[in-house]
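Listed next as structure tokens is one chain, alone, in the form predicted alone.
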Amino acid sequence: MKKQGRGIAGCMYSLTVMNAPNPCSAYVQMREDGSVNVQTGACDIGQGSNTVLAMMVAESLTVPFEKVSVYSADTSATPYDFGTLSSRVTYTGGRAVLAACEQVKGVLLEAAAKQLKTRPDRLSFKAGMIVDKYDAQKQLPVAAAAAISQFVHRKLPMGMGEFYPFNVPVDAQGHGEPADSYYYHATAVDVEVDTDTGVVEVKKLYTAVDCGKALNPMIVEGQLEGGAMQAVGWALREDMYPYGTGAEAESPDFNPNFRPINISDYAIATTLDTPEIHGAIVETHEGEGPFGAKAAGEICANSAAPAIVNAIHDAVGIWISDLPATPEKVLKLLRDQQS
């Protein structure tokens, strides 16, 4: 017999590493043709941070995205970053590159003011131009300002930015502010449990993230769907006990003699296991975030597994306390329930 159930779960996650200084720094330089080089220690491990940082620089300097090149995570050539962890790169890396951009803009405004015979405080950046806010006839292409600064005034339009997220380490009494800010995620799932075989199938999955301002909605959507499928694997089939060396080895399911030869022996989810996924981006505004952004990384994988466990309980009344919820575990709990 197949029974249906529904479960929900939600969570929060820190935007930065908790209880520790975790800075990021960046160099930004505009060339005489208006192209921009960005150097940052923030490492793009596939989440799309290089793209997002380039978008921020392009927006700040009002140059085309295609003119921005990001060089990241080469410790022999790029400035310091604490690391790609705790969903911090967009938030901290973004603040660092924007701080560097402000220095670049200061150099460009100074050069443009001399060329246009006005004051820097009268000028603003608009669609690739530096324009006098009170006299629209006075304007200069950003690229021209970069060339004039470099070749006429002998000052390179470049800047170095850094950002230290705020935190106050928690003391022995539990007092403190461990992280700069937080973001939120929720999942709802519909599952089907076969009481004859113990097989659990996720039919529909609804996933939503509060990412602040979604700077690149396509990347956020990818994080939502990728995180959901990773969590489905954790919940139903992925079992790391064969590799356990610590407390995991104390589980009765741990088999020290099992050693998979290659990845083909490890049961990860495939496209055939993908449920109907509905993702939702809940935009808020993070006051300290770059352009109001927070993050959309690790948290997208955090609430689906407990939602699936809750849905199994809703369907057949059993609690899975040791993931994954394999058919063997489900059947055993169903039999225990009947005895």
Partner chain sequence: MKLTIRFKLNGKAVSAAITPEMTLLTVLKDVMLVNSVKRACVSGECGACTVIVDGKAMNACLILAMTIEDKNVETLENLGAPDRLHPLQKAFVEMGASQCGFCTPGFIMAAKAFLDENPDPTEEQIRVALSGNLCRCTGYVKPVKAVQQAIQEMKDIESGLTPVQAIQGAARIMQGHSAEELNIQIH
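Positions refer to the first chain, counted from 1. As the structure is a prediction and not an experimental result, all values here were calculated from the model.
The discussion below concerns the form predicted together with its partner chain, not included here.
- Shown alone, this chain has one stretch from 124-132, 158-166, 214-222, 102-110 that lies within 4.5 Å of its partner chain in the model of the complex by heavy atoms: 214-222.
- The single contact residue among 147, 179, 208, 229, judged by any heavy atom lying within 4.5 Å of its partner chain in the model of the complex, is 229.
- Proximity to its partner chain in the model of the complex, defined as a heavy atom within 4.5 Å, singles out one entry of 170, 268, 85, 199, which is 268.
- Not one of 23, 75 and 298 comes within 4.5 Å of its partner chain in the model of the complex, counting any heavy atom.
- A residue is said to contact a partner when one of its heavy atoms sits within 4.5 Å of a partner heavy atom; residue 277 meets this definition for its partner chain in the model of the complex.
- Taking the partner from the other structure, its partner chain in the model of the complex has a heavy atom within 4.5 Å of a heavy atom of residue 238.
- In the model of the complex, no heavy atom of residue 64 sits within 4.5 Å of its partner chain.
- Taking the partner from the other structure, its partner chain in the model of the complex has no heavy atom within 4.5 Å of any heavy atom of residue 287.
- Contacts between stretch 28-57 and its partner chain, counted in the model of the complex as any heavy atom lying within 4.5 Å, involve 45, 46, listed in sequence order.
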